[in-house]
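Below are two forms of the same protein chain, given as structure tokens: structure 1, then structure 2.
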Structure 1
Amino acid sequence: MGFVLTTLIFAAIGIIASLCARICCNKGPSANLFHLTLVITATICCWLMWAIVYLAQMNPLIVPILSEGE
């Protein structure tokens, strides 16, 4: 899967989780804003961690050195 496709998947999961938090935890405007902020922050943090790992594999800093026997 490509970078853009997985980014869209993360966005869709974030939207679905936001809607679920809005529907399931409807306790007033300030609580809804707090829940929405938590869901969006968690989605962005998970996406950022995935993106760093994904991009780090494209250009590794340490090149594997093979011995002549392998």
Structure 2
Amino acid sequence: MGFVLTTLIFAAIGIIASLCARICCNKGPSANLFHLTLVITATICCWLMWAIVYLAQMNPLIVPILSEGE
């Protein structure tokens, strides 16, 4: 599905999650900033994990060699 497209999907999910957090628990500016930080950190961590695994498989140097009895 392409690297850029999926990255945009992650960004969209992050924005939706922050909006949900703002709607569900709106407790003042300092608390809102804290919730926003949590959501952004989580989005970045998840995206980073996905991106690393995706990039590693884009141009692999080795291929799967099936073992006996498969």
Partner chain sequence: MMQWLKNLPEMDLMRSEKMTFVQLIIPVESAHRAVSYLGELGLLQFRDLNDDKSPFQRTFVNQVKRCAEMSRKLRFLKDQINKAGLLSSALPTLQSDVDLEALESQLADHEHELIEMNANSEKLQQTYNELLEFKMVLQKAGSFLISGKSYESAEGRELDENVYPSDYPESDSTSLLEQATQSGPSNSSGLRFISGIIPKSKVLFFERMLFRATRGNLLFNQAPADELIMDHVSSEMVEKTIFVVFFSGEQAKTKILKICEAFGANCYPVPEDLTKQTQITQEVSLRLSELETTLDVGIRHRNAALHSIGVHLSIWMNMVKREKAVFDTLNMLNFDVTKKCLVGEGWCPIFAKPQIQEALQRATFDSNSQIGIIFHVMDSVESPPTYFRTNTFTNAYQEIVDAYGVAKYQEANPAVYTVITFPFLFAVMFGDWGHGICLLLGALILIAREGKLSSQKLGSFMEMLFGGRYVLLLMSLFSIYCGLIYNEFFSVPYHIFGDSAYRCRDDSCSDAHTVGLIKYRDAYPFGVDPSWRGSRSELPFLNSLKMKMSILFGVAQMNLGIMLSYFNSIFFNNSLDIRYQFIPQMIFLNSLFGYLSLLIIIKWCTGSQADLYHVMIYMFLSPFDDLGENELFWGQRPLQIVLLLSALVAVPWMLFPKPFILRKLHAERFQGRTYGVLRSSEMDIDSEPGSARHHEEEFNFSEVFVHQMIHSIEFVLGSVSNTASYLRLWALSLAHSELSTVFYEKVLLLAWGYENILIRMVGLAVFAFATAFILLMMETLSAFLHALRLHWVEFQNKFYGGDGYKFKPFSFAALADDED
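Please note that residue numbering is based on structure 1, beginning with 1 at the start of its sequence. For the two forms, the rigid core is made up of the largest set of C-alpha atoms that agree within 1.5 Å on superposition. On a predicted model such as this, the values are computed, not experimentally measured, just so you know.
Visitor: Does the form predicted in complex with the partner chain correspond to structure 1 or to structure 2?
Guide: The form predicted in complex with the partner chain is the one given as structure 2; the other form is structure 1.
Visitor: After fitting the rigid core, is the C-alpha of residue 53 off by 2 Å or more between the two structures?
Guide: Residue 53 C-alpha, core-superposed: shift of less than 2 Å.
Visitor: Tell me, please, whether between the two structures the C-alpha of residue 24 is shifted by 2 Å or more, with the rigid core used for superposition.
Guide: For residue 24, whose C-alpha is compared between the two structures after core superposition, the shift is less than 2 Å.
Visitor: Keeping the rigid core superposed, can you check how far the CA atom of residue 63 moves between the two structures, in angstrom?
Guide: Looking at the C-alpha of residue 63 between the two structures, the offset is 5.3 Å.
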